[in-house]
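Single chain ahead, by itself, as structure tokens, in the form predicted alone.
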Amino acid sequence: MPTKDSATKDSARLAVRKTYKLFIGGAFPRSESGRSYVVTDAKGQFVANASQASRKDARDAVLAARGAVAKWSGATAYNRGQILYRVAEMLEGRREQFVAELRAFGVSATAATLEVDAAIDRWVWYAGWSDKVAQVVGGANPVAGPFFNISAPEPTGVVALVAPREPALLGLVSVVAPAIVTGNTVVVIASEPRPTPAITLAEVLATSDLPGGVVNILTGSPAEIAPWLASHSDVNGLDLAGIEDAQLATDLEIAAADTLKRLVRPAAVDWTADPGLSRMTPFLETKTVWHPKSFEGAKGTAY
């Protein structure tokens, strides 16, 4: 039975505060700028100091994402699905933590629980598409000649994402999962006012089987970070889901056009609705192969 002295000692204990860092290449570095910004709750009270990512951090994240493309895109669709399902299992294990983090921002207990459950379910849903999307968006094409003409989807490469400000977790999952399930790697800018669920998600990813560099998470101002990603020549796609400033969105589109990026423009989205294939297909390339149906062998046998 605890003594009075031990109870007093426990009540005086100082909590271990989390240092919120970036997530780049499977590691948790501090921002090279040394800057951070204050994250507050719905009442304006202090929640955390989040890292303020810089241009250099964005470039490091793109480098990590590019380095992971070959391994991730080269994995079988079945293997990618297994890994993403493993992430969902670990999200389920941290369910209460995610709920608590969302509630700190003024989300009701019911709404927070619904958002976390929806985020986990959506991750599972995309995991299931890993070995099915090729059959839906690819296939055999009819041609006028003795040829097989087959189209198959391939990943675009490195995709930069701006996650929506709200819902902080469901919105983040809804832009990250569809991009990586098809073999792309991503650099994502988390919700600026609500970044804590993104860093907790990073901890889940870091302890899953997901290779380092497949998902890289930056926290900070999209207005500062996104232009460097939009103009980066080694970024192949750009999703502006979380950009709310119309002028900034236009500037980013212009910057992306210089390097011919695939682009998803900002639009009003109901993140709780069935997403369909709308966020998977923009970052897929189509490879078409022609093959003769028969040829004459050395002994005159048709194959």
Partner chain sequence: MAVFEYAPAPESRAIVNLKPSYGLFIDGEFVEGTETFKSISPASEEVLAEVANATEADVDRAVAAARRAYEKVWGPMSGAERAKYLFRIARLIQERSRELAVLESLDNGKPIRESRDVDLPLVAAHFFYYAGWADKLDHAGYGPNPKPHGVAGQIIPWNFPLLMLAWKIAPALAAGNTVVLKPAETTPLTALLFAEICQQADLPPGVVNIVTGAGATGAALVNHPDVDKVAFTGSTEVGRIIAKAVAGTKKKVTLELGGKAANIVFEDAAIDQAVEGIVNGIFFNQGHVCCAGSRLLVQESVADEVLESLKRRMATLRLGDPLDKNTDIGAINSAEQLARIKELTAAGSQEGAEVWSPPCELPARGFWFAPTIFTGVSQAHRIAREEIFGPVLSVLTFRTPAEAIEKANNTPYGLSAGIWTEKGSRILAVADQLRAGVVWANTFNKFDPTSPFGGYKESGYGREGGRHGLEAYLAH
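Residue numbers count along the first chain shown, from 1. These numbers were taken from a predicted model, which means no experiment stands behind them.
If you look for the form predicted together with the partner chain, you will not find it shown, but the lines that follow are about it.
S.K.: For T76, is any heavy atom within 4.5 Å of the partner chain in the model of the complex, or not?
M.R.: Because no heavy atom of T76 falls inside 4.5 Å of the partner chain in the model of the complex, the answer is no.
S.K.: Please run the contact check for R35 against the partner chain in the model of the complex: heavy atoms, 4.5 angstroms, yes or no?
M.R.: The answer is no: R35 has no heavy atom within 4.5 Å of the partner chain.
S.K.: Going by a heavy atom distance of 4.5 Å, is T19 a contact of the partner chain in the model of the complex?
M.R.: Outside the cut-off, so no.
S.K.: R262 near the partner chain in the model of the complex, any heavy atom under 4.5 Å?
M.R.: It does: once the partner chain is placed as it appears in the model of the complex, R262 has a heavy atom within 4.5 Å of it.
S.K.: Which one of these stretches, 172-180, 131-139, 115-123, 187-195, sits within 4.5 Å of the partner chain in the model of the complex when only heavy atoms are counted?
M.R.: Checking each option against the 4.5 Å cut-off leaves 131-139.
S.K.: If the cut-off is 4.5 angstroms on heavy atoms, which of these, E203, D209, E154, E89, is the one near the partner chain in the model of the complex?
M.R.: Selected residue: E154.
S.K.: Where, within 277-291, is there a heavy atom within 4.5 Å of the partner chain in the model of the complex? Residue list please.
M.R.: Contacting residues: T281, E285, T286, K287, T288, V289, W290, H291.
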